[in-house]
Ligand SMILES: Nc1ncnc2c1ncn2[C@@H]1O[C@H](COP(=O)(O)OP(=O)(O)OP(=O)(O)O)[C@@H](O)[C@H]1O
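In the block that follows, a single chain appears as structure tokens, in the form predicted alone.
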Amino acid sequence: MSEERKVKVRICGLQKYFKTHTVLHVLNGINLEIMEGEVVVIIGPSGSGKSTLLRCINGLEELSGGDIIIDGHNISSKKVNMNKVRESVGMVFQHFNLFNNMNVLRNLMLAPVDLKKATKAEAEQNAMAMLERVGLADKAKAMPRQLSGGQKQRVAIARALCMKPDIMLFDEPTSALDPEMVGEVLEVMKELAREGMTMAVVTHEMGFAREVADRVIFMDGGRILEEGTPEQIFGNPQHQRTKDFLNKVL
């Protein structure tokens, strides 16, 4: 019997709605736990609330109701230091979000130096180690415009790793890439998973979900309709909506 794993993220009754001329309910009572070292892959149709869920975990969206507790810190509490919590949660976006006016190395060094987590010398040493890890040490002095999409996304992953996060969130990290560049980014993510990084990944890459996920979550209409191992979800889905979705994408 393996020792009990720690809960890294606990989500209880999460609600998110946007008030325009009507109320748009994007997340409707999400309950989810992510364990230490677990890879949770979130799938579902566009508009099902997957990206909003990640943005809520990272504090980029204000919660409309419910709680998110990260390593014991309830981020819905007014007392919590969100910047401190966010330091332990790395986020990789669909569109890289690199600073185009800085070379790759400076992109990686910026946050650790600004937040006084490292001296310039330490930040540079760590940045080079992270570039090495994603196979891009030779691009340290390159500007983002000189990189391919796949290289930019690997730099974005390296940049998130420079903050030494406990949890990595990936929001459709390959959907803006040309098909031949998808593999190089997924390879870096697989390596992180093998090293035991806690990860929540929103993706349309079903092969990745099958191969790497400990658990697959299927969302639709702002709710979790089904969750299970990749074998359960892909091999024997229970919910009709899951079956319909998988029939279209597999």
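Numbers for residues come from their place in the sequence shown, where the first is 1. Remember, it's a predicted structure, so these values are computed and weren't measured experimentally.
What follows is about the form predicted together with the ligand, which we do not show.
I need to confirm a contact call. Of 35, 63, 26, 225, which residue comes within 4.5 Å of the ligand in the predicted bound form, counting heavy atoms only?
Contact check passes for 26.
To test your reading of this chain, name the stretch in 178-186, 193-201, 45-53, 65-73 whose heavy atoms come within 4.5 Å of the ligand in the predicted bound form.
One stretch meets the cut-off, namely 45-53.
Members of 141-180 lying within 4.5 angstroms of the ligand, judged by heavy atom, in the predicted bound form:
Heavy-atom contacts within 4.5 Å come from 172 alone.
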